[in-house]
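One chain comes next, on its own, written as C-alpha cells: the form predicted alone.
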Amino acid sequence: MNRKSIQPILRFSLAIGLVALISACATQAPAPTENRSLAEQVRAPAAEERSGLQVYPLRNPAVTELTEAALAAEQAGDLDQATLLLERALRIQPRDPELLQHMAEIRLERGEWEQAESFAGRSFDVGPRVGEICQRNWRTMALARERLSRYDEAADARERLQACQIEPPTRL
C-alpha cells in the first residue's frame, strides 16, 4: 500500500474515533431522584407506599395552621420562615411526631445533617413506628448519615425502613 491509499482509511478512522470520543463525553439525564429536593426524596416514596397501616395523632388546630404555613413557606423556598413556624408549633405540641419529622426534613434541606438525624430520631421515638411517618424517619436518618459519611449506619437505617410497612388488620 502506498501513502495515498492509506490516507482515506486514516481519515475515516480518525472521524470514527472523534465521534466515539464526543459521544463518550455526552452526559445522561440525571435520575429522577436527583432532581428532587432532599425532603422530597424522603416524603415521596413514603407517600407512594401508603397502603399499609397508618396512625395519625390528634392535632391542635393552631398547630395545623402553623404546619400549613410552614409547608407554604418551604415550598416558596423560605426555609428560615418554615423553621420559625415549626418551632412555634413545637412549643405547642413538643411531642408531635409529624412536626418533629417536618423539622427534620427542613434541617435536611438546610444541610444540617446532625440536627436532621436528631429530629428524625426523636420523631421515631415518640411516633407510631409504623407507616409513612416511620418510613420518613428512617429515610431522613439514612440520608443524614450518608452525608456525614457514616455509611454503615445509613445502611442500617435503610434496613430498618423495611420494618415500617405493616399490613392493616383484616376487617370482618
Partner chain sequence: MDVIRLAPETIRTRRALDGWNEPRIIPLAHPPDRGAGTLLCVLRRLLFHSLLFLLGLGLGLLGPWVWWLDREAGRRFADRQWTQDSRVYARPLELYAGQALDLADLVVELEHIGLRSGDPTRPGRFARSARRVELHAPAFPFPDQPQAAQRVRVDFEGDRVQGLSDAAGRSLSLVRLPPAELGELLPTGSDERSLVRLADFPPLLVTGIQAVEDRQFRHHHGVDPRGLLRAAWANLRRGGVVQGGSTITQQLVKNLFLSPERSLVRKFNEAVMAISLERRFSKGEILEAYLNEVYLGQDGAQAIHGFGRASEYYFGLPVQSLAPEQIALLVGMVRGASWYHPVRNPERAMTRRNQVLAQFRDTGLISPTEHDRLRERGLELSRSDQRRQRPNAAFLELVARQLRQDYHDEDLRGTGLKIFTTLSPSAQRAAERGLADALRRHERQPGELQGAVILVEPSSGEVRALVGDRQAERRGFNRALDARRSIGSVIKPFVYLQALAQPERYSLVTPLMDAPIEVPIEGDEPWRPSNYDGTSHGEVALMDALAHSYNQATVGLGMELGLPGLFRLLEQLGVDPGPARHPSAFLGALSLTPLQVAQLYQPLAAEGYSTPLRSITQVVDAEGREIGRYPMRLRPIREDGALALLDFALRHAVTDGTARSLPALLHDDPGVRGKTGTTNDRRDAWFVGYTRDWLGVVWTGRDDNAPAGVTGAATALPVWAEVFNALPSRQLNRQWPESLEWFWIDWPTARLANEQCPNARAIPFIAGSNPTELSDCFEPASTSRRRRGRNR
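Just so you know, these numbers come straight off a predicted model, no measurement behind them. Positions refer to the first chain, counted from 1.
Unshown form predicted in complex with its partner chain; subsequent notes refer to it.
- Using a 4.5 angstroms threshold between heavy atoms, residue 39 stays clear of its partner chain in the predicted complex.
- Interface membership of residue 107, defined by any non-hydrogen atom within 4.5 Å of its partner chain in the predicted complex, is confirmed.
- Looking at residue 122, you'd find a heavy atom of it within 4.5 angstroms of its partner chain in the predicted complex.
- The closest non-hydrogen atom of residue 73 lies beyond 4.5 Å of its partner chain in the predicted complex.
- Within 4.5 Å of its partner chain in the predicted complex, a heavy atom is found for not a single one of 147, 149 and 161.
- Residues 81, 83, 84, 87, 88, 90, 91, 92, 94, 95 are the members of 81-101 with a non-hydrogen atom no more than 4.5 angstroms from its partner chain in the predicted complex.
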